[in-house]
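One protein chain, two forms: both are listed below as structure tokens, the first as structure 1 and the second as structure 2.
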Structure 1
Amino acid sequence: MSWINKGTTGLILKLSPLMLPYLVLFCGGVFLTVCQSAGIFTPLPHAGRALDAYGLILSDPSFFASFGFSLGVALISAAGSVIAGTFLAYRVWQLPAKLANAALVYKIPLILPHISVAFVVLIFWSQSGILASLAHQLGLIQAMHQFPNVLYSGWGLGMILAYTLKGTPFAMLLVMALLVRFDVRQIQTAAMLGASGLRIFFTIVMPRLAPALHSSFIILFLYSFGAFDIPFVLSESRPGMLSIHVYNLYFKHDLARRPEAMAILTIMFCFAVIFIIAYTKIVTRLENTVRKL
């Protein structure tokens, strides 16, 4: 009898529609990115040694500036989205049935593409935008330049606003899916026993929502860390997001610099994988300690 029995063959056959594209396109794609970062399969024959591209990148302070900047924008926007999304979802869940339908407006930014959300931020926050006009009408500013330069402050505030606007409804959606199954009587009991609203939220509701909070944080954080669309509309010149850095190296410089672009992508990929593993490990450990109580 061979080590592959009939059941295993059937299993592999049934999984193959997904496993084949996964191995060929996803794993293959990542493999090719890593290869090209080492100068293999590049459009131009690579003259130097395999790890030259990494040496160039890691000796460039602007790479670390970009990396830190991307990390900061992603962290603030993901944390902001999850906090705002959880709070709003909790409030929407408590709405009486009559008003609950009106709350569906939260889905609007979910449908809008990222570039449109960036456009909305542009309309609202630019120095000639809606909020500047409002400030002028209220007598807070007399001229355009007095309105804070939010979009070009060098802190990535425009991108953070756009990612948060897009991410909050996403977190709401995931949190709401868990809240639907939540037993109201738990809250009522706690309230009868004299727990305050805050206490109820943090000790009863929050632990139940934890899975949705963690998955929305991971998804939003890694998306903002590596995505291109919003930075392309809203980015400031320096320090740019990593994705813009890669785009410039890939499309705007000559082919000899292709390995550098690929090396940045490889570093981004490794960071994403390490982040996912570390985050899930930490969460499981934390949850285990909580359960012991």
Structure 2
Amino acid sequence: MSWINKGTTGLILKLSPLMLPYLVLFCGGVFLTVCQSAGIFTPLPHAGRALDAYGLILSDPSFFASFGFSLGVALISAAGSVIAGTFLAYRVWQLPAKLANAALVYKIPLILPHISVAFVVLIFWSQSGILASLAHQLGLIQAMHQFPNVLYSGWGLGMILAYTLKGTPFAMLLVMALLVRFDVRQIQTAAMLGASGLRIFFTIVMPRLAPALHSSFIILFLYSFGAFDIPFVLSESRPGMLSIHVYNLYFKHDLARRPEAMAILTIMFCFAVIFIIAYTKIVTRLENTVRKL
């Protein structure tokens, strides 16, 4: 028992350079956010009760509109990124070695900041952008303002495009990490027995890619749900993303409303934790059910 304690203590000491910044920055930030949402450690003295900020937020219809809008954008963009990334990774994996090396250009969006991707989408898809100009030059539209208002149509399509463009190579990277260890003889055997390409993909390949698919979906969904950079450039004015709502409360209103901004952040953090737990349990239950069948 003493050996285990010594080993555990030694491991903690070795990990302390990594754990200390995490504890100070992340845990300290979460603690301060929760405290300020309750009116503690706020810039101005909080005269009300501890949960007044939550009452104001949960009684505001605009909060639920922003929450639903953020949820929709995150779900669609994360699902689109995982689907596109899985399909493209599988196709790249099937290419000959020379072409597969050339296909590594898919990693370029990974090194671009999210805000750069937002500007790329803005440059291409805005009514004064490259596609509008091209359509005008080809005579498809009489004036550039006749180009469809894709980015600010009220559906969050600009943000979905940007998140999908950024998230697809990330999903490809995780999927490729599993595909390179995949035994191609299983596919060859199934093909020899008469299985179609779709059946091979869904019955042999997909189950082995499941860990990467679930991990990439959770990461991309939670990032899209709470990120600020892309919505700052491409967000709709109404209802808008929750991150923009928090930004406006934090920077563009009186300091007395600081607890409301922190209450939204706390709700978002709790939602993220609940989502991860629920998603993991649902996936585990479905996988166990499939194994029994």
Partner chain sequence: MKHFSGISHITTLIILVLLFALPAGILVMVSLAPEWRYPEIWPAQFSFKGIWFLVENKRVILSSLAASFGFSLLTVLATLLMCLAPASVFARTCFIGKPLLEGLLLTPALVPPMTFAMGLHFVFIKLSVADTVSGVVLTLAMFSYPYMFRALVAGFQTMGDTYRTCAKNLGAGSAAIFWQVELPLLMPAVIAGGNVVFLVAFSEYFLVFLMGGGNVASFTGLLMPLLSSSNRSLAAVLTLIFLLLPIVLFVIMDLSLMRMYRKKGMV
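For the two forms, the rigid core is made up of the largest set of C-alpha atoms that agree within 1.5 Å on superposition. When a residue number appears, read it as a position in the sequence of structure 1, where counting begins at 1. Keep in mind it's a predicted model, so treat the numbers as computed, not measured.
Structure number, where the criterion is the form predicted in complex with its partner chain
Looking at both copies of the chain, structure 1 is the one that matches the description.
Aligning on the rigid core, do we see the C-alpha of A272 shift 2 angstroms or more between structure 1 and structure 2?
A272 C-alpha, core-superposed: shift of less than 2 Å.
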